[in-house]
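Quick setup: one chain, the form predicted alone, written in structure tokens, and binding and motion questions come after.
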Amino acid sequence: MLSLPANWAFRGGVRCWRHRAVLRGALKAPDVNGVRRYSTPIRGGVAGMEDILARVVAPLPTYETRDKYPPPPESNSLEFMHFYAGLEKEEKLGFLTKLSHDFGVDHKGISELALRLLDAQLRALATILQVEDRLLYGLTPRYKQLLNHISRVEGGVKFLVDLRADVLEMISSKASETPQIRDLNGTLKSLLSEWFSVGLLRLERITWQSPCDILQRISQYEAVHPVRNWTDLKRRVGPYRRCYAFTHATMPGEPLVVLHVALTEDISDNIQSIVREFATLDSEEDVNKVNAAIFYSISSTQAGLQGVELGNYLIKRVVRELQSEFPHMAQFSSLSPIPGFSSWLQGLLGQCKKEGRGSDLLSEQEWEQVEQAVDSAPGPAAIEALRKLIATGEWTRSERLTRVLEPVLMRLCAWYLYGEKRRDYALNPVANFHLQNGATMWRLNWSADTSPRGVANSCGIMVNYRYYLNETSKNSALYLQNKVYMYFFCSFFYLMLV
């Protein structure tokens, strides 16, 4: 009998073999409707790209014939997909740049329609509405039709998700920041938001009896607290734990966003008790010991779905599922990492050293304790010593330093979460996510993640975002509309005053 990893590898190999066989057969098929099929991508630089784009990107039908125009053959979509898949990274950049630039909106035609709209302002409302509708139709990029048709072929939606991931990488790496590429990204995001709307998503609970390939993907996609081994994974889907994922009909077997939940007696204050505790691995759940649901990890698995709202809907759906399973449950909270706190603090210390503003961060007494603990001279030398300790995490090896730094780091972390803003919203991305959902900053937890990753990212500190179900809608509206968010007084405001 095959071991579990070997079984996964065997099944994955069979699937890959079948996929390659089907694709090979499709790509070697005879001409369809007079369109040549390629077994290998065209190689001819810009000329080859122009050739294939001219063939597969159909002209935008006229306004009058938009509902009667016959769809292009499916072979166009398959040819585009196959050609793109065979390109190198640099070639993809050139190809997408050409697609977005040469097959986008007809700007000259739009200018003429805009003038017609201005001329029609004094005419009947029906005329104005018709001109506005023509203008709206004219603003449709020519390539949008191709994207729509690609979504209808097998594997097409997944292809477009991956295509957008490439576009996002081009933009973030500054390989291309043209307005046309950004418009292509916006068009893809709009289409994917429609195709992955919450009504089309399926909620699945992942258990140890789930298909092996799903369990394997859950393990691979875990981005917050990496899964160490199969026992670890079994624990995370076993007793006193829940794992849920959103899936979509067009991407079978592919979890889109995954949420891990711990069922506990009280709101957890450290991750070690959740991901490293195996005592209840084979035990039966005692309902009387389940009073709280702790969302300790949420991972988006598809880079191309960035900005498409999935995680907040997943949490809301899971809350309803848990309420149905445990009607008495009243406590819902996250146990969240604070990515970016350590790097923010190091930058702040470097700036304070440069400008001689150490007293802005620590009191005179606190600086004296730090100087004694690290055996450093006062002033810039002490600031630099503290910055290096934060950067290396070496302070965690000293009980004295840990005791000295705890109140300092907790206070600065409270300010980082509450006071540091980006466009008047929380700077920290995890905080921004939960606050948008209507959660409340509830409690900071010292030594909550003692792993090297936890210490490097946030000095081992984690935060609970509490979900008071009767207040989440109001809190979400306050945050999104007025940039106001709720925090638990004793846990945050007091820390910032200490």
Ligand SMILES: CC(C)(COP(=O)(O)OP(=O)(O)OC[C@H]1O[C@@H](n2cnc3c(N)ncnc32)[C@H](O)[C@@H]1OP(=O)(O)O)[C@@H](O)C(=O)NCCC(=O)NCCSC(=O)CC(=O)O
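Note that residue numbering follows the sequence shown and begins at 1. Quantities reported herein were computed from a predicted structural model and do not represent experimental measurements.
FYI, the form predicted together with the ligand isn't displayed, but the following is about it.
Judged against the ligand in the predicted bound form with a 4.5 angstroms heavy atom cut-off, the residues 341, 346 and 370 are out of contact without exception.
The ligand is not drawn, but in the predicted bound form it has no heavy atom within 4.5 Å of residue 130. Not displayed here, the ligand is approached by residue 297 to within 4.5 Å at the level of heavy atoms in the predicted bound form.
Contact between residue 392 and the ligand in the predicted bound form is not found at the 4.5 Å heavy atom cutoff. Although the partner is absent here, residue 275 lies well away from the ligand in the predicted bound form, with no heavy atom inside 4.5 Å. Heavy atoms within 4.5 Å of the ligand in the predicted bound form are found in one stretch of 329 to 337, 346 to 354, 378 to 386, 114 to 122, which is 329 to 337. None of 325, 285, 309, 265 but one reaches within 4.5 angstroms of the ligand in the predicted bound form through a heavy atom, and that residue is 309. For the options 198, 175, 110, 223, the one in contact with the ligand in the predicted bound form, meaning a heavy atom within 4.5 Å, is 223. Contacts with the ligand in the predicted bound form, taken as any heavy atom within 4.5 Å, map within 416 to 432 to 422, 429, 430, 432.
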